[in-house]
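What follows is a single chain, given as structure tokens, in the form predicted alone.
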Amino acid sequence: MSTHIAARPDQVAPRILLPGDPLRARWIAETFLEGSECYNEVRGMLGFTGTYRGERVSVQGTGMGMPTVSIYVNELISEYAVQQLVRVGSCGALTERLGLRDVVIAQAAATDSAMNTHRFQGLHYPATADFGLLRHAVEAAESAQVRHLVGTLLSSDSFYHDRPDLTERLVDFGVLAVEMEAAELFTLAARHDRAALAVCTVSDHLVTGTTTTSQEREQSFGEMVTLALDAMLATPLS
């Protein structure tokens, strides 16, 4: 049992999905995992473990933002020896190359957060995904003919931006969409020699103004979950 996760070490699998929304965690467990059991309800951050194609997989809600995902990733790595961590969440499209419900498979994450600024004392650290997970997720998307783009996310500390011009500048350099967790996940995974990836579904479009409902965001973004699960099972545990 860790500070924020009320589970025994053996209750958490070495492969884990990380949605921000704990209700999405429950939906994933009920929809995709066989024999799933809840191992955590602390602070309402639900966690479950079950099996997918015969392999043990967990899913843990993390909340919104890099400070909160940092808490759960640190504890999952240090207290539960998790080896593969894949964020499955929503993102806001920043380019017309993406449409609602398209999937972004993140190879890297830019950020406006000060977390890495403090961590690296001003050095600019490239927060990148694990290549094995990335490659297998792309192969799974191509095989299933899922509409997707591979590229860079913006992991932002702010949901409501005071400087949209800065976001527009990032788009000029190829950033596809904005979310709030991937950069910290990638950084911590690298620090501890673990494999991490982010697979996100476009829930809102910052260019066209189109959006999905909260229920759709919670319960209907199944393609990214399947891609993440297939990528984890195709990637050997270290």
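Just so you know, these numbers come straight off a predicted model, no measurement behind them. One-based numbering along the sequence shown.
The same protein also has a form predicted together with a small molecule, omitted here; what follows describes it.
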- request: Determine whether any heavy atom of V178 comes within 4.5 Å of a heavy atom of the small molecule in the model of the complex, and answer yes or no.
  value: yes
- prompt: Would S203 sit within 4.5 Å of the small molecule in the model of the complex, counting heavy atoms only?
  reply: yes
message: Since only the chain is shown here, I'm wondering whether F120 would be in contact with the small molecule in the model of the complex (any heavy atom pair within 4.5 Å).
response: no
- prompt: Does F159 reach the small molecule in the model of the complex, with heavy atoms at most 4.5 Å apart?
  reply: yes
field: Among the candidates A137, A129, C91, V73, the residue which, in the model of the complex, approaches the small molecule to within 4.5 Å (heavy atoms)
entry: C91
- line: Only one of 24 to 32, 166 to 174, 38 to 46, 179 to 187 has residues with a heavy atom within 4.5 Å of the small molecule in the model of the complex, and that stretch is 179 to 187
